[in-house]
Ligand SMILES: NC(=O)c1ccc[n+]([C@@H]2O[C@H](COP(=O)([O-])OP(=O)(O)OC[C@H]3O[C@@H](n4cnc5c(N)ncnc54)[C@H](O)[C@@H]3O)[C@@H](O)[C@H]2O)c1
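Here we start with a single chain on its own, the form predicted on its own, put down as structure tokens.
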Amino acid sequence: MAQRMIWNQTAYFGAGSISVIPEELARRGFTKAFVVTDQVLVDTGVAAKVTTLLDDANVDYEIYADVVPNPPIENVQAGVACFQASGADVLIAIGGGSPQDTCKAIGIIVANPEFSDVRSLEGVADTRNPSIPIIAVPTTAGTASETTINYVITDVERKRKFVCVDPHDIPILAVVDSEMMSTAPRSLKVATGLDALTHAIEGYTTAGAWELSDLFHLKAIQIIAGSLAAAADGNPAAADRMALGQYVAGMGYSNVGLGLVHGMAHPLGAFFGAPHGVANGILLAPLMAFNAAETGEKYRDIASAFGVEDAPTMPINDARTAAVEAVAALTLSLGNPTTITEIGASESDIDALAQAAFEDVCTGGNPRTATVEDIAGLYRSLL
């Protein structure tokens, strides 16, 4: 069976690496940039770290800063119209998952206008043309959208989030600069960090995992386990490690898929506006326990990555328990919610949440098959 791996053409890493952007624009012959970001990043001056470089290099650009968390279809469609009116020939995404995902959808639709309804992009859409070129500059250490072929859009009318998977959407250039992430509030660093950890662990255990993806995911787990707490508390060296770790996780999961944690997290975002990383943090340890029997020796590796003594030699069931407990302990120590009640869910929501999670594209990659009833029971256990 053929295995496919897709990554950026080029990526830069390290504090201050955004300085390469004007040079890369010139080298590639771009004449005007369309910057996709959100108003918070404009108001706090984070986006200006990039646009000032463009100003100094006399690069023409326009800013689209209307992106909101869990970006809806309408956000994308408005961005498409603004891009088409701008005369730009390159997109620059500045932000966390929401601006990055919105930017991907804009780039794909402009190049493939037959998908302008946005909903038709769900799943693996048959787009024919590569996206308008994207330069991705993440401001959170979490989604790794800058190196993935995935993006997520919210259908507000139908109260659901849908995942789009398209090799045509991958940014041509990623600039992973931890200084762009430094001013994020601690709560956001925690949420996005737990998202990155979920990517690494689900990617390591998903049904589509293989040797090369395992290489990335295990390394990502090691990096994130050792740096997330310190990075959330503002340690610059740890922040640099987190920026790398989340990217490495993205190199893996983008190509092999995820699992039921993401399948169950997406409805929580669509129904209640829960930040994606917060929802993942609530679900990760309980779902690891649910999946444990179908994961072979991999939880032993996860336990070792978290520094559990004797993980390489203890009985496998003990190693699995230790891995779950290590993840649960980290989540608790970071202050992430541990119940879905805390983000607005109640018993009356369970059936609809379970059906939506069962139908989510990520759920099919789970190492243990889950029925709608299984998923309802998992949600109910977290009330």
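All residue numbers refer to positions in the sequence shown, first residue = 1. If you're wondering where the values come from, they're calculated on a predicted model, not measured in any experiment.
The protein also exists as the form predicted in complex with the ligand; that form is not presented, and the subsequent description refers to it.
Self-check item: Joint contact, S227, R300 and T313 to the ligand in the predicted bound form, by non-hydrogen atom at 4.5 Å
Solution: No, none of the three is in contact.
Exercise. Tell me the stretch among 236-244, 143-151, 283-291, 109-117 that has any heavy atom within 4.5 angstroms of the ligand in the predicted bound form.
Key: So the stretch in question is 143-151.
Quiz prompt | Position in contact with the ligand when the complex is considered in the predicted bound form, options L173, V76, L91, M180, heavy atoms within 4.5 Å | solution = Selected option: M180.
Practice problem: Check each of V50, A319, L41, A357 and return the one that places a heavy atom within 4.5 angstroms of the ligand in the predicted bound form. | Solution: Contact residue from the list: L41.
Quiz item: Is T139 close to the ligand in the predicted bound form, meaning a heavy atom pair under 4.5 Å apart or at it?
Solution: Output for T139 is yes: heavy atoms within 4.5 Å of the ligand.
Exercise. Determine whether any heavy atom of P337 comes within 4.5 Å of a heavy atom of the ligand in the predicted bound form, and answer yes or no.
Key: No - in the predicted bound form, heavy atoms of P337 and the ligand never come within 4.5 Å of each other.
Quiz item: Do D195 and the ligand share at least one heavy atom pair within 4.5 Å in the predicted bound form?
Solution: Yes, contact at 4.5 Å.
Quiz item: With the cut-off set at 4.5 Å between non-hydrogen atoms, does G203 touch the ligand in the predicted bound form?
Solution: G203: no, not in contact with the ligand in the predicted bound form.
Quiz item: Taking the ligand in the predicted bound form, which residues of 226-260 have any heavy atom within 4.5 Å of it?
Solution: The stretch 226-260, when checked against the ligand in the predicted bound form, contributes only Y253 at the 4.5 Å heavy-atom cut-off.
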